[in-house]
Ligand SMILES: NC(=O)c1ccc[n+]([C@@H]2O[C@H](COP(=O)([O-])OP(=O)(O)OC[C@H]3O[C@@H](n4cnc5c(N)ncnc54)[C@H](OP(=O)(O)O)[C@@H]3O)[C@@H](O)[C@H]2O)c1
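Before any questions on binding or motion, here is one chain by itself as structure tokens, the form predicted alone.
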Amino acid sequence: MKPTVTCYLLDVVDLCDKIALVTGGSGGLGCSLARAFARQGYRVVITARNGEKLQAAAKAIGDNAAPVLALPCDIRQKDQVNSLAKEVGARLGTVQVLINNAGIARAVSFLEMPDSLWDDTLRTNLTGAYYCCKVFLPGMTNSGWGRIINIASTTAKVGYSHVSAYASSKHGLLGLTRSLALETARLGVTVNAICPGYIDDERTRENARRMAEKTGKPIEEILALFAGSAPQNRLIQTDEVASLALMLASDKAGGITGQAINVDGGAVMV
């Protein structure tokens, strides 16, 4: 039975003029993030590599009162990120909330992992976030207000077997979060990371499917193992992560920066 998720209630009037960009916006968590910000009055832009999926997500999330702008971009390519920034600037204005959510996670043992998977994971999860921060941060510092929210993982804090590339990328993302927080502390910008545990989304289910194929166990048993890694014995709902992102983006969270906040059912208590 899924838990009831209560979202933070924020002052919509204070938020309606802000622009939020969500990378990886066509997937489960990305959609939840975009939907939550759109419902709070943000002008939301979502981006991802697959334009078709992106447009479908924008239609599902937005409505006439709060449309969502879908702009395809491969964040692994800095020239595409620059082009994205120019288009958002021309159509909406300066991005004030950047949510670096795009990422890949594939479970495979270290010795069986092809070098291409290592490279692609680091380029997507870490270098892509770096490019987005590099391109969109100047607009925030120039205006004296901004929020960068990096979607990390509990693997940013502890190691897990069979995800060495993913864990390395998320450890790096946490380092980037903390360094940027120090550099922007007096510039009106906060930089924080959210560290979810196993999320009830397509990425977790895909890894469960891969593990099920390899071990011969049912997918449900693998998912139960994932859930059992947390004291609450459940998967995390995407809306729970989105609720925290909304709070971190609010003016009320102006004193929170350089933090890595777990949403993991108690799996990692640091």
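In this text the structure is predicted, and so the values were computed from the model without any measurement. All residue numbers refer to positions in the sequence shown, first residue = 1.
FYI, the form predicted in complex with the named molecule isn't displayed, but the following is about it.
Ile199 is the sole member of Ala85, Leu137, Ala165, Ile199 with a non-hydrogen atom lying within 4.5 angstroms of the named molecule in the predicted bound form. This chain is displayed alone, yet in the predicted bound form one of Ile61, Val44, Leu29, Ala36 has a heavy atom within 4.5 Å of the named molecule; that residue is Leu29. Taking the partner from elsewhere, no residue among Gly146, Ala181 and Arg186 has a non-hydrogen atom within 4.5 angstroms of the named molecule in the predicted bound form. Partner contacts here mean any heavy atom within 4.5 Å of the named molecule in the predicted bound form, and among 99 to 107, 157 to 165, 138 to 146, 86 to 94 they occur only in 99 to 107. Of the heavy atoms in Ala193, none are within 4.5 Å of the named molecule in the predicted bound form. Mapping the unseen interface onto this chain, Asn233 falls outside it, with no heavy atom inside 4.5 Å of the named molecule in the predicted bound form. Proximity of Gln40 to the named molecule in the predicted bound form: non-hydrogen atoms within 4.5 Å are absent; the residue sits far from the partner. Contact check for Arg76: a non-hydrogen atom falls within 4.5 Å of the named molecule in the predicted bound form. Although the named molecule is not shown here, in the predicted bound form the stretch 140 to 155 places heavy atoms of Ile151, Ala152, Ser153 within 4.5 Å of it, in sequence order.
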